[in-house]
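In the form predicted alone, a lone chain appears below as structure tokens.
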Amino acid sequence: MIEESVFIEFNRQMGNDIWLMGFRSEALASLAKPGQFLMIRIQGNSQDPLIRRPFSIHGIGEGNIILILYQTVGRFTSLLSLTRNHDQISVIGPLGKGFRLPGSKQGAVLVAGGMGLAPMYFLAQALPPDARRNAKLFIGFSTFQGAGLIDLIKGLGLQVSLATEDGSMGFTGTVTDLFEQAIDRDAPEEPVIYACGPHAMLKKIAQKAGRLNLTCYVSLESYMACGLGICLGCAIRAARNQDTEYYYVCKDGPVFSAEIIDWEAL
């Protein structure tokens, strides 16, 4: 883990409220693993907001560019969207435990609900070329936005399917509906499921994987104040058969095996 002040290389709007930011860091690029995250603070005269915010590492671009995909949903992300090239931010990371990559005979199935897409690009980047071509990615939004974002994902060579709840593009319905239909009809041999998105979506994915006896990893989103397991603000209840009552998303996750989470409590 390192703390570093970096200069923003670009901050591009990819959809109505979706942004892709990049900054250069050789140290982070050498350490980061898919599924890990950073704690970020905007530098300058103001300390508002004071507390850092967690962001999944979206990927690593050419020249050790660290990519962050985010949505403007509050004060911090709204301020972040106003930053420009050469503005400075402070980052701490990489933090947390990331994804376990599939074995040589296993097929990867990625499921992203909304901004759950954030860690999936990095995961896809880490797959060997043959595994990437055979991997399936299901993305869901309430309405279609971010054509450039979808094109970026498709550039990795995955088989990409899109669901929109309003039917504005692709499959009409939730990404969970799309995933369930596809996994029943056209699942790869020995699939490993990777999912990130709202908790209700992850619960359905985990239950489906459990019924089919499939390996499933979920990346959980949570409010964090420290990102280091000190504040204990990101506790989630463990399944009954585990040797602990709670896990902490920042230090035990954010990636978990789906079977160790108490989904009813979550």
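The structure presented is a predicted model; accordingly, all values stated were derived computationally and were not measured. Numbers follow the displayed sequence, beginning with 1.
Separately, the form predicted in complex with a small molecule exists; it is not shown, and the next lines address it.
When contacts are judged by a 4.5 Å heavy atom cut-off, residue 59 does not count as touching the small molecule in the predicted complex. The small molecule in the predicted complex is not approached by residue 181, whose heavy atoms all lie more than 4.5 angstroms from it. In the predicted complex, the small molecule sits within 4.5 Å of a heavy atom of residue 220. At a distance threshold of 4.5 angstroms between non-hydrogen atoms, residue 76 is in contact with the small molecule in the predicted complex. Heavy atoms within 4.5 Å of the small molecule in the predicted complex belong, among the stretches 171-179, 130-138, 158-166, 110-118, to residues of 110-118. With the partner removed from view, the residue among 66, 69, 202, 216 that has a non-hydrogen atom within 4.5 Å of the small molecule in the predicted complex turns out to be 69.
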